[in-house]
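Single chain ahead, by itself, as structure tokens, in the form predicted on its own.
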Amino acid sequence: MKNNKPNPVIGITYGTYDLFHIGHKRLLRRIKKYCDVLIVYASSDEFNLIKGKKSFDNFEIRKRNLLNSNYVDEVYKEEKWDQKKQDILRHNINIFIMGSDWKGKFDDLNEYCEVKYLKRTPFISSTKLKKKITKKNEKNKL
């Protein structure tokens, strides 16, 4: 018997996803509209150090938050800048989607799948939240 079901559209995105917030959830919801299966590569703790970042939450917590978002189907570790092509080929990705602050940076991946950039949620970011938390903690020490 022949299976007439169309192949699912598989999407992929990357990020740190630290201090999981409403901006992340909104972006993931919008990304999921373009695909049936959404794979997220979250920066490993070690890769964040290479990038000069220190995550508030470790990889396992960030992975759990992503999987609990209702939009993410699979989460893997991003461990180096140049792994994206391999990941796209490994998972048979149809669409690669990133926030618009990366616009143009990954256009070379159009050779392997569709590349799309979506606007981020304005007025919220993990960096801003970390600064507020740090400032509040410093104030409470006084």
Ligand code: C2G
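One-based numbering along the sequence shown. None of these values were measured; they are calculated from a predicted model.
There is another form of this protein, the form predicted together with this ligand, and it is not shown here; the text below is about that form.
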Which is the contacting stretch out of 47-55, 69-77, 87-95, 107-115, given heavy atoms within 4.5 Å of this ligand in the model of the complex?
47-55
Give a yes/no on whether V37 approaches this ligand to within 4.5 Å in the model of the complex, heavy atoms considered.
no
Against this ligand in the model of the complex, would F59 count as a contact residue? Criterion: heavy atoms within 4.5 Å.
no
